[in-house]
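Take a look at the structure tokens below, where one protein chain is shown in two forms, each on its own, as structure 1 and structure 2.
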Structure 1
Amino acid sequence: MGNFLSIVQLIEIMVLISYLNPFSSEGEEIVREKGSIEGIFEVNPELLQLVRDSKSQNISDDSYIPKNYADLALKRVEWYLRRKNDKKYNHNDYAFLINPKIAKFDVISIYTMAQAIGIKFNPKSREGRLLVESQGKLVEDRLEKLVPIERKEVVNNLLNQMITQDNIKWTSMSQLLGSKKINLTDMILDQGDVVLEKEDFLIRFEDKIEGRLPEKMYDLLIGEKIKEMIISRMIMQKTENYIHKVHEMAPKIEAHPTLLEIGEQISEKIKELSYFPGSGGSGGFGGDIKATQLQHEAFPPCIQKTIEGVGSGNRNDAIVLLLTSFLSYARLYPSVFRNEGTSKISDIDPDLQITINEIIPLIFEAANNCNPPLFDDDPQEKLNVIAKLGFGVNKDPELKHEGESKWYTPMSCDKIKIHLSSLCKPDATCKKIGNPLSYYNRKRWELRNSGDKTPSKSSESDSDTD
């Protein structure tokens, strides 16, 4: 240790805290001082200068330089999507984002974005998710660029601010666990505490460790990386919570037109940048995915197995929960997880002809393939299938009943592993996705790009059922 921080360095740390955690008291102070919505679209000379002065910043074109708070918000979106999807991404186009001096502008821009998204979209919308994910990634990148002593100091400061107890209990992270931002198995736990500090680690475990230096074991298992991971995930959670809070309050107050406009611009920017040819990234098969004939060869292994028939024990969940939601969304609304908006079948299939003539027969056929056939034992499960399509507990889907129940989205791969583990036989594509519907979209995109023009089996399925 031996290195004490000077007053100037301490002030810099305080700046760094708001730069990394806009939801800290330092960040809130900036919003109180400078958070007027009026000047959001006004050119800000100080920001322009700061961006130009940022180390390695590309200034060959004016388009690289955000001119006001709104521009800065959109640049953050652009940075994240290009970084994720664009093979030609160049960090120097966005070097200003890694300049700590940008803190006061950055804080205003993230609050503006969070408010715009919270007002206009659902917190779980792709706009909401993008803001949360990008904030986490930005915290990681920003920490990485700090000099070690500053980095350590600021990490400890941030942790102390965010966690008030002496020992962090894993149960205090229930929100992070629930949203899967943190894995319990990634942390070292002892007596309910998350072990983070070296001294604490040595006191607890030194006697157990043999044949290896305990200090080295600490550096390998925990070190600063676990602390930094927790910090970035906590800031993501704070971002998400803030969007939620705004979203809850939104119906009670009149939205400022500026925020609505920024929300619209963010959405447009995401649509524009979701697809980069040849990127292969998770957003690389983007674009709007429309309702089309089902392409059976793009079904994931769990769905293929369900269609072939499932044994007793798993039949009900496989047909009613998994297949019903998968086939209906795959046929009618494959982009449900990307888009904010409609969640009724009749919005896409107004006279329910596709539902009645294509989707339900496939579900019932798979139910018949079960051993023993599902509806022989449990005829009431037919009603449950209709209910999971959003038409209440009724014999047939009818428009007058629509909305009596929810149109269920397909369960995630994680849930399938728990509820229907015998159906989960992952192939290579499964490793890249978290939901059977995402598999379907990705596989169709891969098949299209590989030039596979095999006609969809959906056109043959009628004869199969005859």
Structure 2
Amino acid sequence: MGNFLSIVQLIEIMVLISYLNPFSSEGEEIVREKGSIEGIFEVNPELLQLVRDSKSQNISDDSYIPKNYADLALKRVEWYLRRKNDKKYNHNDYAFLINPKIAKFDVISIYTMAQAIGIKFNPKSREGRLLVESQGKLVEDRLEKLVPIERKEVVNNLLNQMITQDNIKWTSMSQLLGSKKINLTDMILDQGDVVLEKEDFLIRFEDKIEGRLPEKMYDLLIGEKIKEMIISRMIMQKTENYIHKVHEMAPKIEAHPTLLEIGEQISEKIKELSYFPGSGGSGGFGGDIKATQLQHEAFPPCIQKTIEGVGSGNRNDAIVLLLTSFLSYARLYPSVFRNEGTSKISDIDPDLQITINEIIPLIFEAANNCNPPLFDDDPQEKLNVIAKLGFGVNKDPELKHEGESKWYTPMSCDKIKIHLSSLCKPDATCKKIGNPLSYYNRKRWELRNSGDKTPSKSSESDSDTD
């Protein structure tokens, strides 16, 4: 009888599964029981009590206490951004997110968020990315807080639900691999199969391991950490897939006003919490990502020459690859090389007004200065400019298209020397750096401190990547 779970234990496991994977059958059942979006903004006494009863929860400040489903959704956004960027972040302010008893409220909140984002924004928007990333991080945090026996049981149940076949082919994870949520090097493979279970590992590798205990090697290479990593990535992918599904259906249905309002509130919350002074920078959704006015006198020689106009042999690469990336980062995110992670233009320019009214006109003006004018000969390159800003091959930058392509960082000096040698006329500052953006940051510092002959330590710390 020791191998059988009691009814109470089974119920607890089902709650934990929905708490970790809202897109499980258990999570879907919670959504069906709720039935409608009505009451999302109404104060919910049960939720209030569960939050206040959560272990270590800060209850001295009511601003941290979610009062309804919509408020809980916004607290998730707030938790993730503050956790990521705010040095004053205190996990006790959001302890309720690690309380399994809020599962049914949490499931409704994430479905509400996903629907609001899918209807109002592109799935690859900063709002969509934040929901996907935060869900993955929350799964990791929640698993970490479970007691070991319970944790192992839940992990195995989740894997059995999400991966039904006995022999897991790496090709079955094509979505995760394609979206770069997981790499082949993260897993142990044998003849195309992903090896996760200890028994399977021992059958395949026991005879091949010398000098170490096979069981210890399993714990070292796989153990629970790889299973949990796969679970969190698969739940992230399910979250992303659900947003895509809603986004595809959105044009065919009339959006509920409540969802539109929540989508707007999520967007405003991201704007509000996207910059924490002194945070040191941490990539997308915050850090020291901050737009600054362009200083043309700090532009490197290659950029100055490109703006003045280049000949037919270099026009395309100079405008589309070099100038587009340089101007966009110099105006919006000059510190990109000092930070980890990635960003998108809307993280810094939420309504794209700077991009549309300042950056693109400068690029198009330089294109018109070419001999002959670039777009007269090759109008397709206008689309390529928009693509290099991260908005796909489209006529204009629009939030709904953001993420269809990558926002490219400036070419390195080495690449400019090879591909645009006629533009590379180095001055004294060029010899100290390896990227036009690093030149720009150093020159800006020199201009601000023209009376001080000591080189800038902060400018020297800029990484010269391409």
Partner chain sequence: MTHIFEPSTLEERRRYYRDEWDINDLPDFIRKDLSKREFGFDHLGRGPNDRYRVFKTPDMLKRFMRYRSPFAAYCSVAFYNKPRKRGEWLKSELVFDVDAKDVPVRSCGCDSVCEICLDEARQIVAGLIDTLKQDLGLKNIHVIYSGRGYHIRILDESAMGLDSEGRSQVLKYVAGAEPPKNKYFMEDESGQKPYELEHFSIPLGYPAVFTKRIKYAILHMNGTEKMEEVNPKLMKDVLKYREMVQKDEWGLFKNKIGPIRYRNLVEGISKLNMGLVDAKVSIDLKRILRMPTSLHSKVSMRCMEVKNIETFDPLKEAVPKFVNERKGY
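The structure displayed is predicted, hence computed values, not measured ones. Each residue is numbered by where it sits in the sequence of structure 1, with counting from 1. Think of the rigid core as the biggest set of C-alphas that the two forms share within 1.5 Å after superposition.
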| query | finding |
| --- | --- |
| Panel number for the form predicted alone | 2 |
| Shift of Gly403 between structure 1 and structure 2 at or above 2 Å (CA, core fit) | yes |
| Large Cα move at Asp414 between structure 1 and structure 2, threshold 2 Å, rigid core | yes |
| Core fit, then Gly434 C-alpha moves 2 Å or more between structure 1 and structure 2 | yes |
| Shift in Å of the Asn369 Cα between structure 1 and structure 2 [rigid core superposition] | 17.4 |
